[in-house]
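One chain comes next, on its own, written out as structure tokens in the form predicted on its own.
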């Protein structure tokens, strides 16, 4: 497995505040702004299609209603995700990341009760169909989804997500074969960063929109930050 080459700034939910979240327009905006890496969320439709969306329900980010996992593709892909953009499939996002030369952090975002299937589907797609460019990092708050991803794609690079990192995080990462640790920037502790540095585990923090805060995190040992607003050259 090749080592992960992480830029310091990763565009959050495709393009941060540059475009509607989790859309192809966001990926294009991030690349145009100079980002070399993007993060986006993937959930399954009622038809089992991996689609880019953050919430389990449609109301906040689209003109639709109801749960994503209960909505068929024919309805999902007719919705407006903002500015005339529609919800992209993982296949469409992967193709565009390859075209634009973007490293992707694909967050597996399962609806409740769909953890195993979502992990399996996303990992299988990445292993079999990602195409050109560097293989993505698969992350999740769900250890069950990551364990399912690992079973399907033994060589996948995994990242474990927390709000606040627990004391046993190293055991959790080792059990999953994960290579990165992700957490809330406001809750990351110096002791965790020291432990991660000793173990050569990159720590990625969300969501950082203040340049001074980003510099302080880098000085403490954080490897990369997810941002909605910062310029990647800052």
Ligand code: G3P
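Positions refer to the first chain, counted from 1. For clarity, every value in this text was computed on a predicted model and none was experimentally measured.
One more form of this protein should be noted, the form predicted together with SN-glycerol-3-phosphate (G3P), which is absent from this view; the next part is about it.
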| query | finding |
| --- | --- |
| Residue 67 within 4.5 Å of SN-glycerol-3-phosphate (G3P) in the predicted bound form, heavy atoms | no |
| Any non-hydrogen atom of residue 28 within 4.5 angstroms of SN-glycerol-3-phosphate (G3P) in the predicted bound form | no |
| Partner proximity in the predicted bound form: residue 125 to SN-glycerol-3-phosphate (G3P), non-hydrogen atom cutoff 4.5 Å | no |
| 4.5 Å heavy atom contact, residue 94 to SN-glycerol-3-phosphate (G3P) in the predicted bound form | no |
| Listed range touching SN-glycerol-3-phosphate (G3P), judged in the predicted bound form by heavy atoms within 4.5 Å, from 130 to 138, 152 to 160, 74 to 82, 104 to 112 | 104 to 112 |
| Residues in 32 to 61 close to SN-glycerol-3-phosphate (G3P) in the predicted bound form, defined by a heavy atom within 4.5 Å, in order | 39, 41, 54 |
